[in-house]
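Just the one chain here, the form predicted alone, laid out as C-alpha cells.
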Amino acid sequence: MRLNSFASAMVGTLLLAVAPAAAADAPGVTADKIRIGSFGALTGPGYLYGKLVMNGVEIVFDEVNAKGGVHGRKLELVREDDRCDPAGAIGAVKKLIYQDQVFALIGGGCSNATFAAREEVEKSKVPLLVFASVHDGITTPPAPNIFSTATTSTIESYAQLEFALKRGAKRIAVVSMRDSWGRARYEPLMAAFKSKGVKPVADEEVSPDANDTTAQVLRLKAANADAVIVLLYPKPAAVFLRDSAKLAFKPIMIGQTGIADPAAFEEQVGVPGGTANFYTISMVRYTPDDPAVDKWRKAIEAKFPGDRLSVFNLFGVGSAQVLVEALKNAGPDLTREKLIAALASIKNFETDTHGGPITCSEADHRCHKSPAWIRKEPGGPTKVLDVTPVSLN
C-alpha cells in the first residue's frame, strides 16, 4: 500500500510538472491563460478602427472568461498602438510577437498600416484575424496564417455595383481617390464593371485633402449620372456631397465602409438634405441603437464608462466571436498550427453582429462576404436596409 501511495504521488507530481511544460510549447499559452495581441490606432482619428474595435473584442473576451474561458484558459488581450501608420504597424506586430510573446493576433484597423505589416506577420507564422482593414492585399493571395472578418475592397466594390444595378441605375459614374487606399478599391471596381458588361458614364478623381469638388460635380452632372459610386474618405466625400447638394445634383450616392457612421457623416456634410440619397456599406447588420445588441451596449458602458456602443465596437464583437470559436475547435492541446487549421475550417458561423455567416477555407481567407446596407434619413435614425451576399466565383 505504501508503494502504491508513493507511486500515485509520483504520478501526480509528474502530471503537474508536465502540464505547464506542455502549455509552454506554444508561446503565449499557459495552463490557465491565452495571450492574444491586437494592433491598431489607439490614438488619433484612426482610433475608430483600432481602439473602439479592440473594446468590442475585449467585452467578448470578458464574457468568455466569466464562463470559464476556452478549455479552462482565460483570454488576455494585449494592445499596441500602430497610429494608423505603416511603420507603426510593423513595429507593433514585432513587439507583440517577439517581446510580448502573444499566441495569436486579432487586429488591423487602417488598411495601409495592416498591409505593411502583412510580411512580418506571415513570416512569423503567428495566426492573425483581421477585424477592420479592407485592403485586398492583406488576404490576397492568401497567407497561410492570415484571415479576415472584414469585408475586403473587392467584396465591397462588387456589392456597390450590384446595389446600383438593383436600384435600377442605368448611368453609373465613379468618383474616387487614387492613393493606395483608393486604388485598392478602384481597380476591383473596374473589374466588377467589366464582369457585368457595364461601363461607367464618368470617372472622376478627388484628392484626399480636397476642399472643393465643383468641377467634378459639374462633369458628373453633365454626364447625366443617375448613380455615383463613391470611393472616398469621409472628409472629401462630405465635400463632394455638399457641392452636389449646392449644384442640385441628386443621383443615388453609394458609399463603402470608409464611411461607416452615417450620423457623423451627415454632420460633416452639414447641408440640410445633403445625404438624402446616400447609402453606404456596413460590415455589421445592426445599428448601435438596435435592441438586438442591447447586451453589447450594456457591456461597453459597464467596461468603458462614458462610451456609447458604436458600429466599430460591433466589428470587434463579431471578429472576437470567430476567434473564440476557432480556439474552441482547435482543442485543449493548443498550438498555432491547430488554430490556423481551425480558422480555415470555419463554415457558416453566425456571429452576433456580422451581415451574414462567416466562412473561411484554405483557398480563401476573406471570410465575410455579406455587406449590409445602411442609410440615415436626414434628421432621422440610421436604418439597415438589406444585405448583399457577394460571390466572386
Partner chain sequence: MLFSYLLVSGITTGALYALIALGIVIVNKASGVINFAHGELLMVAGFVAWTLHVGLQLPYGVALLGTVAIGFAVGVLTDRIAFRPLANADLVSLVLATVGLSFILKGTARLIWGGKADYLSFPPLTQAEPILLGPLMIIPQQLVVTAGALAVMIAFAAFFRLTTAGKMMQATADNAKAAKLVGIRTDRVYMMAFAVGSLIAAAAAVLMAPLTLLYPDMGFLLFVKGFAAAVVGGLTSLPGAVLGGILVGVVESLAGGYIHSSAMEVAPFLVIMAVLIVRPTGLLDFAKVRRV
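For clarity, a rigid core is taken as the largest C-alpha set superposing within 1.5 Å between two forms. Numbering follows the first chain given and starts at 1. All figures in this text were calculated on a predicted structure; none of them were measured in a lab.
Below: the form predicted in complex with its partner chain, not depicted.
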- request: Name the residue from 302, 218, 165, 292 that puts a heavy atom within 4.5 Å of its partner chain in the predicted bound form.
  value: 218
- prompt: Considering 306, 72, 197, 141, which brings a non-hydrogen atom within 4.5 Å of its partner chain in the predicted bound form?
  reply: 306
message: Contact check in the predicted bound form: 328, 345 and 373 versus its partner chain, with a cutoff of 4.5 Å between any heavy atoms. Do all three pass?
response: no
- request: Examine residue 64 and determine whether its closest non-hydrogen atom to its partner chain in the predicted bound form is within 4.5 angstroms.
  value: no
query: Should residue 239 be counted as a contact of its partner chain in the predicted bound form, where contact means heavy atoms within 4.5 Å?
result: yes
query: residue 43 near its partner chain in the predicted bound form, any heavy atom under 4.5 Å?
result: yes
- prompt: Could you tell me if residue 203 has a non-hydrogen atom within 4.5 Å of its partner chain in the predicted bound form?
  reply: yes
- request: Tell me the stretch among 144 to 152, 165 to 173, 269 to 277, 124 to 132 that has any heavy atom within 4.5 angstroms of its partner chain in the predicted bound form.
  value: 269 to 277
query: After a core superposition, would you say residue 214 shifts its C-alpha by at least 2 Å between this form and the one not shown?
result: yes
Rigid-core frame, C-alpha of residue 181, shift of 2 angstroms or more between this form and the one not shown: yes
message: Relative to the superposed rigid core, does residue 112 relocate between this form and the one not shown - that is, does its Cα move 2 Å or more?
response: no
task: Can you tell whether residue 289 sits closer to or farther from residue 264 in the predicted bound form than it does here, judged by CA atoms, where the change is 3 Å or more?
output: closer
Inter-Cα distance between residue 85 and residue 268 in the predicted bound form, nearer or further [3 Å or more]: farther
